[in-house]
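Form predicted on its own, single chain, as structure tokens, below.
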Amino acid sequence: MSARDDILSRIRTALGDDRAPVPEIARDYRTTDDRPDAELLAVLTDRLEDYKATVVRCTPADVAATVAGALGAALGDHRPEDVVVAPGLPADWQPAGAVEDDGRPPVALADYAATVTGVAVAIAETGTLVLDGSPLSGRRALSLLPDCLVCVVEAAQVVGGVPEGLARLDRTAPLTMISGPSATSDIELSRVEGVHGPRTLVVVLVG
């Protein structure tokens, strides 16, 4: 008998045969948000900026130019080939000269200054961007290794709360939830950025 078997056997003995049935879990929390789209976009922007992310707005026709401008503001002088984009990012969202991720070893992604991806959904109430490993979002390493992350979010992808956001996702997908730039305050409550991912987060909000 393994240690695991021994532990489980003791648990079963302690519980006995008269175990009460597991009660139904109450799911009476709010699953939709009736606030108008404009209000949800304002809430998302407020939360992201509170987390020290930069939010820029644009129309669908101006995404590439807005992304290029955001990269210039975040990186200063940089070569176009210093930017890597998710393989499913629409061509009219990509800054000129950017490199498409081709599945190279993850460590090679750290050589790039910035990443541009889309998102699967954005949650206004928590200021959270969810990437799901799809071609539009890119693999997880793509959003974690370069020092600057630019996410393009369409207005239709913004929902009010977490339950509504999860309902839109494939829960078996490798979900990455991003709420602001990477930061920690574990040591003496002193905020340190860039510990577990990009130090700079820019959100291009379309629509």
Partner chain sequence: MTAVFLGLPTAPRGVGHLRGDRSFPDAARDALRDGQLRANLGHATATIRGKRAAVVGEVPDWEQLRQAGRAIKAATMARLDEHLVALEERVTARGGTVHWARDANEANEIVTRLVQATGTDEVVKVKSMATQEIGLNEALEAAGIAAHETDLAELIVQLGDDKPSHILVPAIHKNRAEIREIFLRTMPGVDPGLTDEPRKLAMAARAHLRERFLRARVAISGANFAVAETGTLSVVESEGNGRMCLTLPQTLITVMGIEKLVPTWRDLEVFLQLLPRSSTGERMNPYTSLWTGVTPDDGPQEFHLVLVDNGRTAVLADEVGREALHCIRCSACLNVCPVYERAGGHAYGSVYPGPIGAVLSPQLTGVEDNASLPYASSLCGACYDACPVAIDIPSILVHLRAEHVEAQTRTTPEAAAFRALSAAMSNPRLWRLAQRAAGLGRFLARGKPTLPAALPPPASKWTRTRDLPAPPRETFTQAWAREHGS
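Positions refer to the first chain, counted from 1. What you are looking at is a predicted structure, and each value in this text was computed from that prediction instead of being measured. Rigid core here is just the name for the largest C-alpha set that superposes within 1.5 Å across the two forms.
Keep in mind the form predicted in complex with its partner chain is missing from the figure; the text below concerns it.
- With a 4.5 Å cutoff on heavy atoms, A155 does not count as touching its partner chain in the predicted bound form; it lies far away.
- Its partner chain in the predicted bound form comes within 4.5 Å of no heavy atom belonging to V150.
- The shortest heavy atom separation between T31 and its partner chain in the predicted bound form is within 4.5 Å.
- Using a 4.5 angstroms threshold between heavy atoms, T128 counts as touching its partner chain in the predicted bound form.
- A heavy atom within 4.5 Å of its partner chain in the predicted bound form is found for one listed residue only; from A96, A73, V107, A91, this is V107.
- Taking a 4.5 Å heavy atom cutoff to its partner chain in the predicted bound form, the contacting residues in 112-145 are E125, T126, T128, G133, R139, R140, A141, S143, L144, L145.
- After superposition on the rigid core, the Cα atom of S190 is displaced by 2 Å or more between this form and the one not shown.
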